[in-house]
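What follows is one chain in structure tokens, specifically the form predicted alone.
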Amino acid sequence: MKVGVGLPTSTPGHDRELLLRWARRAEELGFSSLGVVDRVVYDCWEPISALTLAAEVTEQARLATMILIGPLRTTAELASQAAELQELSAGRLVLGLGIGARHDDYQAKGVDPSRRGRALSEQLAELRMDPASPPLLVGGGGPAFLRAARFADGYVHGGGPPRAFAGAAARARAAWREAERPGSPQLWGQGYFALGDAQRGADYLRDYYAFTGGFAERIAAANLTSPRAVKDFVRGYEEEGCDELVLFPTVSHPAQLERLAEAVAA
């Protein structure tokens, strides 16, 4: 299993200098990929723009959207942005798409959320037809497994303990078989960490997931705040067949990268 790291594009205190420094150092430390999230009604970098900056200071790390809310963009816009980044990065983009979970993002963009599932399926089908399209992942639950099997190269799980990933992975593999796809789907997972500033990390997660109500507290409690927790989390995902695990920072400080690298290596 490969281990990547998220870019600090939505955590408090993020800026251009930090993003560039973070991306450069993450690759030096051996992280396999750099991931980004997508929010509109939040202080968050636009995903493709953030990855374009990261591409300028890296050469090997894959650049992954985990996930980008596809229906908030037209297919033509999305295809154009992806093609440009794919060329600038020498083919390192991994395009993870989903419908998102927040209606306020759709309202802010003036997009009707009632047909977002259908819109995403149509986008994926069109993107899949282009032989130059980057590898495609689909995130989410329910219909997402079928979309991944029909139109994409794999599935990206939204987070949680290894047992939650195991359940989602089983559904992704089952949908793959039902669609009579050869081989196996690529399976990506993700988690959150804060090594050295647990309270600040928890506060960020409560704020970021405030739209979920009381569930935000459960997400904050799952933040990985010790090297042992990171080690166990990584091992658990590897044992459940994850191909790439991306750990997202909840604190905007470069020292987090060094601590994470040490924890993963241990």
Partner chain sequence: MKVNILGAGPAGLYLAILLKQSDRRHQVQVVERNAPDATFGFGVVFSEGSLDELERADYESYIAITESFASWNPLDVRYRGTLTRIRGNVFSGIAREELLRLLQDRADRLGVELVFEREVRSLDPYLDADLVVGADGANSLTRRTYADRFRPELGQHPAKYAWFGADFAFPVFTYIFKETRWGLFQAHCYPYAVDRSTMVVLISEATWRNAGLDEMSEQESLELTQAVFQDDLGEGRRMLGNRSLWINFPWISCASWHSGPVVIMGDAAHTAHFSIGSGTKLALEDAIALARALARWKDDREAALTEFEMERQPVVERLQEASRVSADYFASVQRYFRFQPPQFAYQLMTRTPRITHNNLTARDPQFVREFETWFAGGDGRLVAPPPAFTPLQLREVVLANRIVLTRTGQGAGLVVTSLVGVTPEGRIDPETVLVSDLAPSPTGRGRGGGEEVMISLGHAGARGAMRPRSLGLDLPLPEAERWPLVSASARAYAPWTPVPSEADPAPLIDQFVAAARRVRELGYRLLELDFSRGYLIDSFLLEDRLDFPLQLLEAVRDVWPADLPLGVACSSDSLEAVRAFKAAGVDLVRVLNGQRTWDARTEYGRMYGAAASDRVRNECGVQTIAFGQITTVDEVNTIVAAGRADLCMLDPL
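Numbering follows the first chain given and starts at 1. This is a predicted model, so every value here is computed, not measured.
Below, we refer to the form predicted together with the partner chain, which is not included among the displayed structures.
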- Candidate site Glu122, Ala125 and Glu180: all three near the partner chain in the model of the complex by heavy atom within 4.5 Å: yes
- Task: Mark Phe151 yes when one of its heavy atoms lies within 4.5 Å of a heavy atom of the partner chain in the model of the complex, and no otherwise.
- Result: yes
- Task: Using the partner position in the model of the complex, report whether Ala221 sits within 4.5 Å of the partner chain, counting heavy atoms only.
- Result: yes
- Is there a heavy atom of Ala174 lying 4.5 Å or less from a heavy atom of the partner chain in the model of the complex? yes
- Message: Given that the partner chain is not shown alongside this chain, does Ala79 nevertheless sit within 4.5 Å of it in the model of the complex, heavy atom to heavy atom?
- Response: no
- Counting non-hydrogen atoms within 4.5 angstroms of the partner chain in the model of the complex, say which of Trp188, Tyr192, Phe165, Phe145 makes the cut. Phe145
- The one option of Glu217, Asp232, Asp207, Glu56 with any heavy atom within 4.5 Å of the partner chain in the model of the complex is Glu217
- Query: Can you pick the stretch from 81-89, 68-76, 113-121, 94-102 whose heavy atoms fall within 4.5 Å of the partner chain in the model of the complex?
  - Reply: 113-121
